[in-house]
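Presented below, as structure tokens, is a lone chain in the form predicted alone.
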Amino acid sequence: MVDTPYSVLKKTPTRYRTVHFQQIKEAGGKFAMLTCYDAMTAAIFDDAGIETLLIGDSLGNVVQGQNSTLGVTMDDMITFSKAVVAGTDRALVMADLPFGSYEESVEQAVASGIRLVKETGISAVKMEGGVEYVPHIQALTAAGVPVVAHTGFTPQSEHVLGGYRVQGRQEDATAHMVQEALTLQDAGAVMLLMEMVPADVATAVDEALTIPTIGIGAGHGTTGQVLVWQDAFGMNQGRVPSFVKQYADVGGALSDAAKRYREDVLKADFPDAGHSF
């Protein structure tokens, strides 16, 4: 694994656990998170030192080609989560509870959370929603399932929120989000993810909490940052959110390789003697 001098931990853990992110928060440090959906990619990110990987229900968009996350099922999450866990040695792996797997009742949330952890080996679940899910977080925590809360823009509620829109711009947004975040922390959430929130609001929330925060389109004041890897590394050839910084053009490299392969096949240059028995 690649290590850097930027870590505030005295020693890189054998396996990251929630306590290590709490230590990073308390030391004023930062950590990185990426989405991931398969074992080979997970192994690459794990070796690169990415502290935590998220099997997001964004797999509906970037893997399955759906136009939202709403069609992702528990069976989908279990299949992809098992693959990511199999590809990691050190990163903490968490997964989304998909739409329809926890909203009905506290009992449904606990059953879904336990199933996702038990059948995949992940270390935490992420659950969208605000104070209305305090009983769910409390019950999951009591059942031994760590919960990462998710506020701000919540994709599973896109129809209620009126589409993909920045949240927290109203006059009393900071006070409201801080109070909501404190309530979720008191309920037992081990981290809080904020999506598409003004940077000053997210910073105020992070400063008010003792648990780590994670931002996506929320400025640099959060403890951690997360991006969908296909957006950040150039696999997404369509519209990329404005808050995404692109670090590579993996999609371009893959396209070039495919073109060279096809050309070799059509010219009968592949397979050659060196690639035949």
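Numbering starts at 1 and runs along the sequence shown. Keep in mind the model is a prediction, meaning the values are calculated, not measured.
The form predicted in complex with a small molecule exists for this protein as well; it is not shown, and the discussion that follows is about that form.
| request: Identify, from the list 223, 236, 41, 58, the residue with a heavy atom within 4.5 Å of the small molecule in the predicted bound form. | output: The residue from 223, 236, 41, 58 that makes the contact is 58.
| query | With the partner left out of view, is residue 126 within 4.5 angstroms of the small molecule in the predicted bound form by any non-hydrogen atom? | reply | It does: once the small molecule is placed as it appears in the predicted bound form, residue 126 has a heavy atom within 4.5 Å of it.
| said: Using a 4.5 angstroms cut-off on non-hydrogen atoms, would residue 195 count as touching the small molecule in the predicted bound form? | reply: Yes - in the predicted bound form, heavy atoms of residue 195 and the small molecule come within 4.5 Å of each other.
| field | Contact label in the predicted bound form: residue 52 to the small molecule, heavy atom within 4.5 Å | value | Looking in the predicted bound form, residue contacts with the small molecule do not include residue 52, since no heavy atom lies within 4.5 Å.
| request: Indicate whether residue 213 is a 4.5 Å heavy atom neighbour of the small molecule in the predicted bound form. | output: No, residue 213 is distant from the partner.
| field | the small molecule in the predicted bound form: contacting segment from 201 to 209, 105 to 113, 187 to 195, 140 to 148, heavy atom within 4.5 Å | value | Among the candidates, contact is made by 187 to 195.
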